[in-house]
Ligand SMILES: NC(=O)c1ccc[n+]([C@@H]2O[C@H](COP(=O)([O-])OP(=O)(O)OC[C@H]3O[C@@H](n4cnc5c(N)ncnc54)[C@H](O)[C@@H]3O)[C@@H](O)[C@H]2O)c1
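Read the single chain below, which is given as structure tokens and is the form predicted alone.
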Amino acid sequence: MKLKDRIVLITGGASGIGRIMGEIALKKGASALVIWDINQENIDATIGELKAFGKVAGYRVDVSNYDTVAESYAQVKSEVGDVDILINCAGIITSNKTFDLCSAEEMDRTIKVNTLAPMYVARQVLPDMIARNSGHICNIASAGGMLPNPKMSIYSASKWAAVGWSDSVRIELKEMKSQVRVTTICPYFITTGMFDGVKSKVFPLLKPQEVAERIIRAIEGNKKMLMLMKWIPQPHHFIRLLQVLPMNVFDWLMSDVLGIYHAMDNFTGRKK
């Protein structure tokens, strides 16, 4: 779906790749950009930066709260209009603890933001899109939703669930013969600050601008799924090839050769 003359809603849209995608959307002619974020200071700053490129509306929304999401979407419909393109970009990672040291609060918060929140927002937007027979939902998951990784087990669980849900909804819409499209994005680690301290032995971390541009192109091209890793043109094929290996060989490659199992060893995360 082309962005020109469309209303675009981006969750987590006041920082990182969400903010960059918002700028790209406006420059491509979106009729309005709607930013949902939990950080009011970042919302105000982003509106100040992007209003030169078009109409921007910002709302402080806790996307992990279903009632808040429903109320906020009704407000957007009233004040801005029907959302044509939803990009579920909000996400968190709480620590690099092994699972036995993680708290119940970390489990709940991670699943709510990374798994339930995209469902909550899509559940509001999707019926209107189906009724119009037009729209696009893009869900930003993670390569961590396709591969196991120690010291991020809860994050991986949240993203595995997000991938399964997102692509299942795509198939549901296809079987309805609906023109509403779904794109699932699975990037490798991105240098937005969220993964500060991550060390990648073989594959370089992705740059936010590059990731944002490729996601927008995937939406414009109605791409079903996009996995992003440096140096590998078709990462999903690479991962499928790895997954047919005997498990001991797979673990050896991931740990000793590629170093992915140790990427989180020095993780610090975004500073407050």
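So that there is no doubt, residue numbering starts at 1 and follows the sequence shown. Keep in mind the model is a prediction, meaning the values are calculated, not measured.
Note that the form predicted together with this ligand isn't included here; everything after this is about it.
- Of the stretches 189-197, 171-179, 127-135, 95-103, only 189-197 has residues with a heavy atom within 4.5 Å of this ligand in the model of the complex.
- This ligand is not shown here, but in the model of the complex it comes within 4.5 Å of a heavy atom of residue 113.
- The closest heavy atom approach of residue 49 to this ligand in the model of the complex falls outside 4.5 Å.
- Residue 213 falls outside the set of residues with a heavy atom inside 4.5 Å of this ligand in the model of the complex.
- In the model of the complex, residue 22 stays away from this ligand, with no heavy atom inside 4.5 Å.
- Between this ligand and the residues 70, 45, 239, 38, the one pair within 4.5 Å by heavy atoms in the model of the complex involves 38.
- For the candidate set 229, 219, 61, 56, a heavy atom within 4.5 Å of this ligand in the model of the complex is found for exactly one residue, namely 61.
- In the model of the complex, this ligand lies within 4.5 angstroms of at least one heavy atom of each of the following residues of 71-98: 89, 90, 91, 92, in sequence order.
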